[in-house]
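Only one chain is given next, in structure tokens, and it is the form predicted on its own.
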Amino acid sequence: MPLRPILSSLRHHKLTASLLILQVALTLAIVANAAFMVAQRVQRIHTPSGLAEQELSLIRVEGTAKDENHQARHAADLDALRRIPGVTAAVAVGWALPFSSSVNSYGVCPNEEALKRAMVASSLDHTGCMSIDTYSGGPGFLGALGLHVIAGRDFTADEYVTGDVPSILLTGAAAKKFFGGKDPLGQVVYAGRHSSRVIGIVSDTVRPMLRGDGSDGEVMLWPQLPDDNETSYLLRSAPADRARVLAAAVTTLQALDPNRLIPETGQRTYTQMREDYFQRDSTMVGLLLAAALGLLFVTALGVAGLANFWVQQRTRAIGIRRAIGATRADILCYFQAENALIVGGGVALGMLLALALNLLLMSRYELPRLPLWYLPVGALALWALGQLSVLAPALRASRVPPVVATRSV
């Protein structure tokens, strides 16, 4: 297919062709970045927690009397909850858990020297200390969550206390951050003036609120018994039994003390908890997909509309070409090639605009750098969409009979 006649034709329609090139370029720039953001959000939504989420439910109880023996109340509640058919584990846990949006964070130092530096500087920055999110609970909470010890040991019964804890467990990421290549087992860490010994490394889990800065796996677990007016009980059961177990747990706890509050918002399966946490991400994915698909649809309409207009405008010229020997395939290829040039120019400009838009988003919203492979993939997809959009008008043009040239004279 000779390109000179096509380029000559486009020079006579500079403004129209330029506007379509600009539309294609903007579409590629926006859609490439939107696709990247969708991929980021989807990856975030599917972040593994390391817990047995499909088997877990939580129930929050409020309003136990302040002068009540909380530990005796918890023991009575847990004894009753464990009697519910289908419950395989029931423990009292702290209010911070993965995707709970409630953070229980401590400044912890790997040695006394780091602690002194932090106290002198009144900051953890550049001292070797770090702020780490903590999960706590009663005996058995590690197994109930679905976590397991991969080095060292679990907490013993006498290590569960209501105050300062004698021992802690770290995730592998937290241990590496604290001690580098040193063996973390037996090391002592300092939280304020209190010290605890690292007794084990636990399987991977994540912070209550994801940061996305590479530190999401840095978590500490300690054997601290909940001792407050408000308590959360973690129940483990078969996935299909969770709704029934939750309903039975409410009835059981109310029967033990009808004066306590068990809000509906505090009765959730872990699946619901994850959905609530990532609700904004899911909404953003939907909005981005709708915007990207809408933009692609408008661009496809623009390409098809311009091709239709040019077919109508060139009907006589097409008839003349057919009369002097052009085949239907020649006419079809002409319009496809013309569209390929326009959309090709648009995607070339669009790749540059996509990079510029990504730099702007990085500076304003801390978006990661757009992987370069998004550009050729997006360009190829948009170029293919352009070819499909122009196919119907091009086929219509190819069916123009040679006699049209005579009728138009």
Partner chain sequence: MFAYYLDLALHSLRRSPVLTSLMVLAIGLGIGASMTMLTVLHVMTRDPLPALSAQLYYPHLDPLPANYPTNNDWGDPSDNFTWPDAMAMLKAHRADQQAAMAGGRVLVWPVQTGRLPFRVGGRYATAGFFDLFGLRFEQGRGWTMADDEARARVAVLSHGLAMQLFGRTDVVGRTVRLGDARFQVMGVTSEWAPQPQFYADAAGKGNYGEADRFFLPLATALDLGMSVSGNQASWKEGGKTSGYYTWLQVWVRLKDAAQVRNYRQFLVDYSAEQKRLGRFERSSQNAALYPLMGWLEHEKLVPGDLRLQLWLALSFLIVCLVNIVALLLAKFLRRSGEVSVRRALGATRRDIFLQFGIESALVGLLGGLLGIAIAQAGLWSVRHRPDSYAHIARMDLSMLALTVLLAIAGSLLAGMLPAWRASRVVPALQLKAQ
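Positions refer to the first chain, counted from 1. Remember, predicted model here, so these are calculated numbers, not experimental data. C-alpha atoms forming the largest set that superposes within 1.5 Å between two forms make up the rigid core.
We do not show the form predicted together with its partner chain, though everything after this point is about it.
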For the three residues Ala72, Pro226 and Thr265, verify that every one has a non-hydrogen atom within 4.5 Å of its partner chain in the predicted bound form; reply yes or no. no
Which of 338-346, 47-55, 371-379, 358-366 lies within 4.5 Å of its partner chain in the predicted bound form, heavy atoms considered? The stretch 358-366
None of Arg211, Arg153, His194, Lys182 but one has a heavy atom within 4.5 Å of its partner chain in the predicted bound form; the exception is Arg211
Though its partner chain is not shown, can you say which of Gly128, Gly302, Gly217, Pro166 has a heavy atom within 4.5 Å of it in the predicted bound form? Gly302
Decide whether Leu388 counts as a contact residue for its partner chain in the predicted bound form under a heavy atom distance cut-off of 4.5 Å. no
At the 4.5 Å heavy atom threshold, is Tyr106 in contact with its partner chain in the predicted bound form? no
Does the 4.5 Å heavy atom contact test between Ser123 and its partner chain in the predicted bound form come out positive? yes
Should Leu22 be counted as a contact of its partner chain in the predicted bound form, where contact means heavy atoms within 4.5 Å? yes
Using a 4.5 Å cut-off on heavy atoms, what residues in 23-61 are near its partner chain in the predicted bound form? Gln23, Leu26, Thr27, Ile30, Met37, Arg41
Given a core-based superposition, decide whether the C-alpha of Ile201 shifts by 2 Å or more between the shown form and the other one. no
Does Ser100 shift between the shown form and the other one by 2 angstroms or more at the C-alpha, the core having been superposed? no
Aligned on the rigid core, do the two forms place the Cα of Gly128 2 Å or more apart, comparing between the shown form and the other one? yes
